[in-house]
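Next up: a single chain in structure tokens, the form predicted on its own.
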Amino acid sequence: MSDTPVQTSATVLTVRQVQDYHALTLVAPAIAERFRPGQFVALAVGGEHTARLVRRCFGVYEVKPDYGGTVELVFADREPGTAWLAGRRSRDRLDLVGPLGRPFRLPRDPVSCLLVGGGPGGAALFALADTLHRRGCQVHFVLGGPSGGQVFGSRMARRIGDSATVTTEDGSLGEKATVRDVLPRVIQETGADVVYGCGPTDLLRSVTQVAGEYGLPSQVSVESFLRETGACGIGVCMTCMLPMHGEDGVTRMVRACADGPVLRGDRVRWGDLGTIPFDALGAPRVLAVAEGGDA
């Protein structure tokens, strides 16, 4: 099995409404057999004659050997590209590239794993949960969102997880709280050894901060950041750059798609997203000109 991404014409099996989101299942055996949890795919949208040049990037909810190898994605219908995808029908063909990016790193030994998700991005946690279970790990979920319709996978989490905590800001499902509110308690109750996060940037920032307070390693998927920036997904456009500091203490700009989407949470400079910090390697320098002097 090769780790090299492939471009393929995938056949739509189903498109269904799941709460506030859409779940798209594609027959794409070449991608299904190469996929590892945490990787993503990039879909061309708009059809053959579209003017939409940029693909849409999505984490993978589930892969199955059924029907020759299927890949299932979950997304919100928020702009013309995803609206077009939501309107696809069975047997339509879509141009698909994947699997792309770096996957989650898995524990060598059976440990207690806390999986934290929010919005459609949290769907990527379920492929990870399946792999962790097969390695003998305990899997605990924390899922959250503004309302019940925006919490994806709560029933599945309760079914397959060793525990599952659900929060909503309006109290319509689970506890009336934010993910940040319940994380310290859940970490203590589950005896978590490692924390994984998928979802909006604010959630990933909270996951990293709380995990750090308890001395736990965190891995986060910045796949939602890819969507927010409209990135190409293959490392060419450079729109998904974000600052990370390395073991040597030097900050470097990395591509969320090619160097991620899974990154060490404690290495990301969350407060500087969307900027090039002045101390980053290769950052542009402003030349100060003293009055009456030379630059």
Ligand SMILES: Cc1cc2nc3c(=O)[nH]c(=O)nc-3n(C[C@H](O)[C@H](O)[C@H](O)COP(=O)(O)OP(=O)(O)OC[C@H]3O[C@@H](n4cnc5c(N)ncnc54)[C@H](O)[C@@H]3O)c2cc1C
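Computed from a prediction, not measured in an experiment: that's the story for all the values here. In this text, residue numbers run from 1 along the sequence as written.
Separately, the form predicted in complex with the named molecule exists; it is not shown, and the next lines address it.
The site on this chain is open, since the named molecule, superimposed from its pose in the model of the complex on the surrounding C-alphas, has no atom within 2.4 angstroms of any backbone or C-beta atom.
Against the named molecule in the model of the complex, the set P107, G246 and R252 is in full contact: each member has a heavy atom within 4.5 Å. Although the partner is absent from this view, Q219 contacts the named molecule in the model of the complex, with a non-hydrogen atom inside 4.5 angstroms. Residue contact with the named molecule in the model of the complex: R34 places no heavy atom within 4.5 Å of it. Put simply, D259 is close to the named molecule in the model of the complex: some heavy atom of it is within 4.5 Å.
Under a 4.5 angstroms non-hydrogen atom cutoff, the named molecule in the model of the complex has V194 among its neighbouring residues. Interface residue among L263, V27, V63, A44 relative to the named molecule in the model of the complex, by the heavy atom within 4.5 Å criterion: L263. Out of the listed residues R158, R185, R102, R93, R102 is the one that sits within 4.5 Å of the named molecule in the model of the complex by at least one heavy atom. Only one segment in the set 107-115, 171-179, 147-155, 69-77 has residues whose heavy atoms sit within 4.5 Å of the named molecule in the model of the complex; it is 107-115.
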